[in-house]
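Below, in C-alpha coordinates: the form predicted on its own, a single chain.
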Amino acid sequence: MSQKIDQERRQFVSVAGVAAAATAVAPGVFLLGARAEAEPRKEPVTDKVRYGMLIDTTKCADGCSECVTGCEKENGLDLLRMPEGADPEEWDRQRPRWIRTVKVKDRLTGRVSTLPMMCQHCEYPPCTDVCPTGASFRRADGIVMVDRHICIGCRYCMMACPYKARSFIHENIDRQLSIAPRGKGCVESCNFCVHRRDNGETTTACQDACPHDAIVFGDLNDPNSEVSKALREKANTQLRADLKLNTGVRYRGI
(Lines give C-alpha, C1' and ligand atoms only; values in the text may rest on other atoms or scores of the structure.)
Protein backbone atom coordinates (compact mmCIF):
# COMPACT_ATOMS: atom_id res chain seq x y z
CA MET A 1 0.00 0.00 0.00
CA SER A 2 2.81 2.37 1.01
CA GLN A 3 4.70 1.56 -2.19
CA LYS A 4 1.58 2.26 -4.22
CA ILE A 5 1.15 5.68 -2.62
CA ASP A 6 4.84 6.47 -3.18
CA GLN A 7 4.52 5.66 -6.86
CA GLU A 8 1.43 7.82 -7.16
CA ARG A 9 3.19 10.60 -5.25
CA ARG A 10 6.07 10.58 -7.71
CA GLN A 11 3.58 10.74 -10.56
CA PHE A 12 1.80 13.64 -8.88
CA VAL A 13 5.07 15.48 -8.27
CA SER A 14 5.99 14.99 -11.89
CA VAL A 15 2.68 16.48 -13.07
CA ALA A 16 2.92 19.34 -10.59
CA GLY A 17 6.51 19.99 -11.66
CA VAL A 18 5.42 20.31 -15.27
CA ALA A 19 2.75 22.79 -14.23
CA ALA A 20 5.25 24.79 -12.15
CA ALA A 21 7.75 24.81 -14.98
CA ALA A 22 5.10 26.03 -17.38
CA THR A 23 4.27 28.87 -15.00
CA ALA A 24 7.94 29.82 -14.76
CA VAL A 25 8.46 29.75 -18.53
CA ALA A 26 5.40 31.78 -19.26
CA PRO A 27 4.33 33.66 -16.13
CA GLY A 28 0.80 34.94 -16.22
CA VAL A 29 -0.24 32.99 -19.29
CA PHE A 30 -2.85 31.00 -17.37
CA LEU A 31 -4.07 33.85 -15.29
CA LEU A 32 -4.12 36.46 -18.01
CA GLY A 33 -6.27 34.09 -19.98
CA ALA A 34 -8.61 33.47 -17.05
CA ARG A 35 -8.65 36.90 -15.42
CA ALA A 36 -7.49 39.71 -17.64
CA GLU A 37 -7.18 42.20 -14.77
CA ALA A 38 -4.67 40.11 -12.78
CA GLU A 39 -0.89 40.40 -12.91
CA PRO A 40 1.65 37.97 -11.41
CA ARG A 41 3.49 39.02 -8.27
CA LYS A 42 6.71 40.91 -9.03
CA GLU A 43 7.98 41.28 -5.46
CA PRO A 44 8.84 38.54 -2.93
CA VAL A 45 6.30 37.65 -0.26
CA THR A 46 6.84 39.94 2.72
CA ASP A 47 5.68 40.22 6.30
CA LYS A 48 4.65 43.79 5.62
CA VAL A 49 1.36 42.16 4.66
CA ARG A 50 -0.67 39.81 6.83
CA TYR A 51 -3.72 38.41 5.14
CA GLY A 52 -6.82 37.88 7.22
CA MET A 53 -10.58 37.61 7.13
CA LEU A 54 -13.64 38.71 9.10
CA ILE A 55 -16.76 36.56 8.88
CA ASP A 56 -19.98 38.17 10.05
CA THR A 57 -22.06 35.22 11.22
CA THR A 58 -25.09 37.47 11.75
CA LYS A 59 -25.28 37.63 7.95
CA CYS A 60 -24.82 33.88 7.38
CA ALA A 61 -28.13 32.29 6.42
CA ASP A 62 -29.11 28.92 7.84
CA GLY A 63 -28.64 26.29 5.14
CA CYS A 64 -26.49 28.50 2.91
CA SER A 65 -23.28 26.89 1.64
CA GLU A 66 -22.40 29.18 -1.23
CA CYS A 67 -18.92 29.83 0.22
CA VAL A 68 -18.24 26.08 0.29
CA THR A 69 -19.41 25.69 -3.29
CA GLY A 70 -17.34 28.66 -4.43
CA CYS A 71 -14.22 27.30 -2.74
CA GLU A 72 -14.62 23.84 -4.23
CA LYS A 73 -15.19 25.20 -7.73
CA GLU A 74 -12.23 27.57 -7.48
CA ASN A 75 -9.80 24.90 -6.29
CA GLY A 76 -11.10 21.93 -8.25
CA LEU A 77 -12.48 19.97 -5.30
CA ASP A 78 -15.75 19.65 -7.18
CA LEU A 79 -13.96 17.60 -9.84
CA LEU A 80 -13.47 14.69 -7.44
CA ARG A 81 -15.97 11.89 -7.96
CA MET A 82 -17.00 9.11 -5.58
CA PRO A 83 -15.17 5.90 -6.56
CA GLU A 84 -17.33 3.14 -7.94
CA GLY A 85 -18.57 0.86 -5.18
CA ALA A 86 -17.65 3.26 -2.36
CA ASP A 87 -19.99 3.71 0.59
CA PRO A 88 -21.73 7.08 0.13
CA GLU A 89 -21.70 7.92 3.84
CA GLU A 90 -18.02 7.10 4.22
CA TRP A 91 -17.21 9.00 1.05
CA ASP A 92 -19.08 12.07 2.26
CA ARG A 93 -17.32 11.87 5.62
CA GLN A 94 -13.83 11.53 4.16
CA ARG A 95 -13.90 13.59 0.98
CA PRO A 96 -11.65 16.67 1.07
CA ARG A 97 -13.22 19.94 2.16
CA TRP A 98 -11.36 23.20 2.57
CA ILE A 99 -14.42 24.92 4.06
CA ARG A 100 -17.30 23.34 5.90
CA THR A 101 -20.33 24.91 7.55
CA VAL A 102 -20.82 24.24 11.24
CA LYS A 103 -23.28 25.30 13.90
CA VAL A 104 -22.13 26.62 17.26
CA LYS A 105 -24.35 27.18 20.29
CA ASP A 106 -23.79 29.79 22.96
CA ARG A 107 -24.10 27.92 26.26
CA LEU A 108 -25.29 31.03 28.08
CA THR A 109 -27.87 32.37 25.64
CA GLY A 110 -28.66 29.24 23.67
CA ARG A 111 -28.22 31.17 20.44
CA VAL A 112 -27.17 28.97 17.53
CA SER A 113 -24.93 30.43 14.84
CA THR A 114 -24.01 28.99 11.45
CA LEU A 115 -20.53 29.74 10.29
CA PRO A 116 -17.98 28.65 7.69
CA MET A 117 -14.99 26.85 9.19
CA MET A 118 -11.67 26.76 7.39
CA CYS A 119 -7.97 27.01 8.24
CA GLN A 120 -7.71 29.89 10.69
CA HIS A 121 -4.22 30.89 9.45
CA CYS A 122 -2.78 31.14 12.95
CA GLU A 123 0.24 33.29 13.71
CA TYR A 124 1.46 30.36 15.81
CA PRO A 125 0.09 27.35 13.90
CA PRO A 126 0.25 24.00 15.75
CA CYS A 127 0.23 22.18 12.41
CA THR A 128 3.67 23.51 11.51
CA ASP A 129 5.11 22.55 14.89
CA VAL A 130 4.34 18.85 14.44
CA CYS A 131 5.14 18.46 10.73
CA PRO A 132 8.25 16.23 10.42
CA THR A 133 9.19 17.39 6.92
CA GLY A 134 8.37 21.10 6.97
CA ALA A 135 5.56 20.57 4.48
CA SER A 136 3.21 22.53 6.72
CA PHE A 137 4.49 26.07 6.81
CA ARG A 138 3.45 29.67 7.31
CA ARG A 139 4.37 32.22 4.67
CA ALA A 140 5.69 35.64 5.59
CA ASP A 141 2.32 37.14 4.67
CA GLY A 142 0.51 34.92 7.19
CA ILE A 143 -0.89 32.27 4.86
CA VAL A 144 -0.60 28.78 6.35
CA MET A 145 -0.40 26.09 3.71
CA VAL A 146 0.99 22.68 2.72
CA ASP A 147 3.87 22.00 0.34
CA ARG A 148 2.42 19.00 -1.43
CA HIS A 149 5.81 18.02 -2.83
CA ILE A 150 7.22 17.11 0.58
CA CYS A 151 4.03 16.12 2.46
CA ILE A 152 4.36 12.46 3.41
CA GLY A 153 0.75 12.08 4.50
CA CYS A 154 1.49 11.32 8.16
CA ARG A 155 -1.48 13.50 9.17
CA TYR A 156 0.13 14.75 12.37
CA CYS A 157 -0.96 18.24 11.30
CA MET A 158 -4.57 17.13 11.09
CA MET A 159 -4.42 15.83 14.65
CA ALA A 160 -2.74 19.03 15.87
CA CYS A 161 -5.22 21.44 14.27
CA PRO A 162 -7.78 22.47 16.91
CA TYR A 163 -10.22 23.50 14.16
CA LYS A 164 -10.17 20.20 12.25
CA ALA A 165 -9.61 22.30 9.16
CA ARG A 166 -7.42 19.95 7.15
CA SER A 167 -8.32 17.12 4.78
CA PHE A 168 -6.48 14.05 3.57
CA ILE A 169 -6.76 12.85 0.00
CA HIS A 170 -7.62 9.16 0.12
CA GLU A 171 -8.33 8.58 -3.54
CA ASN A 172 -6.58 9.08 -6.86
CA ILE A 173 -7.04 12.51 -8.39
CA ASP A 174 -7.86 12.14 -12.05
CA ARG A 175 -8.98 15.69 -12.71
CA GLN A 176 -7.49 18.82 -11.17
CA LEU A 177 -6.75 22.45 -11.93
CA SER A 178 -3.25 23.76 -12.69
CA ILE A 179 -3.71 26.52 -10.09
CA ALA A 180 -4.35 23.95 -7.33
CA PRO A 181 -2.33 20.73 -7.91
CA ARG A 182 -3.48 17.90 -5.69
CA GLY A 183 -2.55 14.25 -5.15
CA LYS A 184 -3.44 11.10 -3.24
CA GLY A 185 -1.67 10.75 0.09
CA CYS A 186 -1.35 14.50 0.76
CA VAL A 187 -2.96 16.79 3.32
CA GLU A 188 -4.56 20.01 2.14
CA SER A 189 -6.52 22.96 3.48
CA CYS A 190 -7.66 26.51 2.73
CA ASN A 191 -4.79 28.68 1.57
CA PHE A 192 -6.69 31.96 1.18
CA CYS A 193 -6.73 31.31 -2.60
CA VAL A 194 -2.96 31.80 -2.68
CA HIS A 195 -2.91 31.67 -6.47
CA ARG A 196 -5.01 34.81 -6.44
CA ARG A 197 -2.70 36.48 -3.92
CA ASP A 198 0.29 35.76 -6.14
CA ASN A 199 -1.41 37.12 -9.20
CA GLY A 200 -2.59 40.48 -8.03
CA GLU A 201 -6.18 39.71 -7.10
CA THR A 202 -7.71 41.07 -3.93
CA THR A 203 -10.53 38.68 -3.05
CA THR A 204 -11.03 35.01 -2.17
CA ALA A 205 -13.44 32.64 -3.90
CA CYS A 206 -15.57 32.21 -0.76
CA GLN A 207 -15.85 35.97 -0.42
CA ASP A 208 -16.93 36.36 -4.04
CA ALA A 209 -19.45 33.53 -3.71
CA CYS A 210 -21.12 34.82 -0.53
CA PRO A 211 -24.50 36.34 -1.46
CA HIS A 212 -24.81 38.04 1.93
CA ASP A 213 -21.51 39.98 2.01
CA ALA A 214 -20.64 38.15 5.21
CA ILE A 215 -16.94 37.77 4.37
CA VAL A 216 -14.38 40.58 4.27
CA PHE A 217 -10.80 39.73 3.28
CA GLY A 218 -7.64 41.77 3.10
CA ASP A 219 -4.42 42.96 4.72
CA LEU A 220 -4.59 43.08 8.50
CA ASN A 221 -1.44 45.21 8.60
CA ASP A 222 -3.00 47.94 6.46
CA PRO A 223 -5.14 50.18 8.70
CA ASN A 224 -7.00 51.41 5.64
CA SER A 225 -7.93 47.98 4.27
CA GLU A 226 -11.59 46.98 4.35
CA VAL A 227 -10.92 44.11 6.72
CA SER A 228 -9.02 46.33 9.16
CA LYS A 229 -11.82 48.90 9.10
CA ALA A 230 -14.44 46.20 9.65
CA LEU A 231 -12.49 44.72 12.57
CA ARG A 232 -12.30 48.13 14.22
CA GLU A 233 -15.98 48.87 13.65
CA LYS A 234 -17.46 45.52 14.70
CA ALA A 235 -16.86 43.44 17.81
CA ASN A 236 -15.26 40.17 16.83
CA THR A 237 -13.57 37.16 18.30
CA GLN A 238 -11.23 34.30 17.56
CA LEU A 239 -12.36 30.70 17.77
CA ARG A 240 -10.62 29.07 20.72
CA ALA A 241 -9.04 32.35 21.72
CA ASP A 242 -7.85 30.56 24.86
CA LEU A 243 -5.20 28.80 22.75
CA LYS A 244 -3.57 32.19 22.00
CA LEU A 245 -2.83 31.27 18.38
CA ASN A 246 -3.66 34.78 17.09
CA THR A 247 -5.74 33.56 14.19
CA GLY A 248 -5.99 35.41 10.90
CA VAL A 249 -9.71 34.57 10.67
CA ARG A 250 -12.06 36.36 13.01
CA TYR A 251 -15.80 36.04 13.56
CA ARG A 252 -18.56 38.45 14.46
CA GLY A 253 -21.77 37.43 16.14
CA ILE A 254 -20.63 34.46 18.18
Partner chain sequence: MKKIHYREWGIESPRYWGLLAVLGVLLAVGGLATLYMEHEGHWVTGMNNQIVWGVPHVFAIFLIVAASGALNIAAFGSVFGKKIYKSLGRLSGLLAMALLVGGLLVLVLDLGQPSRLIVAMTTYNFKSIFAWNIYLYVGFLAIVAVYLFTMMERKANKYYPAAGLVAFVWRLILTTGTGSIFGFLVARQGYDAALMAPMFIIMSFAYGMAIYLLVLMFTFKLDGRPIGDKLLLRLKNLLGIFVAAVFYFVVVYHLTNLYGTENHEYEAFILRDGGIYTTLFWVGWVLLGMLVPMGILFHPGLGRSRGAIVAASVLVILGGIAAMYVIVIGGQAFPMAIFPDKIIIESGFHDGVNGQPLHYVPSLPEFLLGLGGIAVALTATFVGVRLLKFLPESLADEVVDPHHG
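Positions refer to the first chain, counted from 1. Nothing here was measured: the structure is a model prediction, and the numbers come from that model.
If you look for the form predicted in complex with the partner chain, you will not find it shown, but the lines that follow are about it.
- Although the partner chain is omitted here, in the model of the complex none of 191, 229 and 249 has a heavy atom within 4.5 Å of it.
- Comment: the partner chain is not present in this chain, but in the model of the complex one of 145, 80, 158, 180 has a heavy atom within 4.5 Å of it, namely 158.
- The partner chain is not drawn, but in the model of the complex it has no heavy atom within 4.5 Å of residue 175.
- None of the heavy atoms of residue 70 is located within 4.5 Å of the partner chain in the model of the complex.
- For the chain shown alone, residue 186 is a contact residue for the partner chain in the model of the complex, at least one non-hydrogen atom being within 4.5 angstroms.
- Using a 4.5 angstroms limit between non-hydrogen atoms, residue 102 touches the partner chain in the model of the complex.
- Residues from 80 to 119 that approach the partner chain in the model of the complex with a non-hydrogen atom closer than or equal to 4.5 Å are 83, 84, 85, 86, 90, 92, 93, 94, 95, 96, 97, 100, 101, 102, 103, 104, 105, 106, 107, 112, 115, 117, in the order they occur in the chain.
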